[in-house]
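Heads up, the chain below is alone and in the form predicted alone; it's given as structure tokens.
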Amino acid sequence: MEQVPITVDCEERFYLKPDAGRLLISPADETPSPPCDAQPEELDIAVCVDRIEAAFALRIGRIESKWAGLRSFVRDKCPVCGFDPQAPEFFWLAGQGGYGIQSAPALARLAAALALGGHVPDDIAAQGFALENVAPQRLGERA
């Protein structure tokens, strides 16, 4: 099971990935919520299991643990990373939404490089990354 990559369905209605000898599964929902101590809803858990069992030859017999988290988004659903143009001493690193597990390693390296006055790491730039897609300046353009 550890050789299986993260799997996301085409409509992003669920994802699953191996984690510590088990499967981490999610309904990939974007239910709006005010700040709170987020807890998983039983219905969301059941929907997630149903979607995964319908898509794969898997039987999910027991949920060993469950959790929920608050995800932040900006309007275009891309992260925000960089110094604020209106408050240059403030550095943004927010808005990973539901992609934190996948994007955190590269985004953390990008943030560290930018915060220290550097540039986009070469291996990240080589993937076609464009800094303007995460720059805080873009938020003012779309307000």
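Just count from 1 along the sequence shown to find any residue number. Just so you know, these numbers come straight off a predicted model, no measurement behind them.
The form predicted in complex with a small molecule is left out here; the points below concern that form.
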{"property": "Any non-hydrogen atom of A57 within 4.5 angstroms of the small molecule in the model of the complex", "result": "no"}
{"property": "G69, heavy atom within 4.5 angstroms of the small molecule in the model of the complex", "result": "yes"}
{"property": "Distance check, Y99 to the small molecule in the model of the complex, heavy atom within 4.5 Å", "result": "yes"}
{"property": "4.5 angstroms heavy atom contact with the small molecule in the model of the complex for Y15", "result": "yes"}
{"property": "Contact stretch among 46-54, 80-88, 113-121, 100-108 - heavy atom within 4.5 Å of the small molecule in the model of the complex", "result": "100-108"}
